[in-house]
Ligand code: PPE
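Taking the form predicted alone, here's one chain by itself in structure tokens.
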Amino acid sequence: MAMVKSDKIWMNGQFVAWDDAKVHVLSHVLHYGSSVFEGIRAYHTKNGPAIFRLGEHIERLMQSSKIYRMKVPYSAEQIERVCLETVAINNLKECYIRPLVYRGYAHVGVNPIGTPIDVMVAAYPWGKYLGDDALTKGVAVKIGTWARMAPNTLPAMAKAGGNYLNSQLLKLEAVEDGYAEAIALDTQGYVSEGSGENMFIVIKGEIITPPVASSILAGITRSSVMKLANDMGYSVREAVVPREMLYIADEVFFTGTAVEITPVTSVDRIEIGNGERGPVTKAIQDAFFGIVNGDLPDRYGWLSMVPQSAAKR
């Protein structure tokens, strides 16, 4: 997917031109993966661009930073405001927003003490992560051969750059084998998540998703879907999911900022349900997109409207 440039990126307190947003090649983050980040979407609504669950995303960014003992030189409120301003200054109606906290240039060595903590926020146009038809037609996936990190090895609850080396291995294998995505198992052999998505299954009318103990990232879209589904009258619970439960499920779907809510139509070439998007997945999609597109009331307070005045700064 080709990168579409926007005009400006916020770095350490100021906006710089897209092509000038650079770091030194000896920055700690390049050598040791010492970064934490978020992926956030802004949606085009009838009232203008709105960022989905901005506060919750930045809260998780600060929590990830704390886990890695990175003292962020800006408050959560400041970073939230920067996200709004970055969308506005680039005149984006809908976009992907990437805040990043990383260890910068000072010295090269595993010990990160003494490296500066740098912060940047970028916003740019971005389409459907798994393809334009994925939301309606679904995707074919496989169980990856790479397991998720075991407990007490790397903190799965932190959205950290280094964790995504694991994700890259899963994704590369899936694409090479002709699949859109991979599902990772945890070190006990139970379903964890995709390379960058949480998992849900629907079986006998019940919605089930793996727990945090299965080495998942506690996704914000995941929590949104659980809230929506509960309020729609579905039974929703967290439970350990054996691999074979995917094969016999009535429906399987991914959730995440990138994939939004994407149906899975086959796993390991075994057809899920009738091989197309199921009714529960569609009902949850309709409820979710109704809110983020502004067609239904924002009854949960999930949308932060981008102030149009900020674009004039």
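Source: prediction; values computed, not measured. Heads up: residue numbers just count along the shown sequence, starting at 1.
The form predicted together with the ligand is left out here; the points below concern that form.
- For the ligand in the predicted complex, the listed stretch (42 to 50, 269 to 277, 248 to 256, 27 to 35) containing residues with heavy atoms inside 4.5 Å is 248 to 256.
- When contacts are judged by a 4.5 Å heavy atom cut-off, Leu228 does not count as touching the ligand in the predicted complex.
- In the predicted complex, the ligand sits within 4.5 Å of a heavy atom belonging to Gly194.
- For Trp126, a non-hydrogen atom is located within 4.5 Å of the ligand in the predicted complex, even though that partner is not displayed.
- With a 4.5 Å cutoff on heavy atoms, Ile208 does not count as touching the ligand in the predicted complex; it lies far away.
- Among Val119, Ala180, Cys95, Leu217, the residue placing a heavy atom within 4.5 Å of the ligand in the predicted complex is Leu217.
- Of the residues in 154 to 188, those that come within 4.5 Å of the ligand in the predicted complex through at least one heavy atom are, in sequence order, Lys159, Tyr164.
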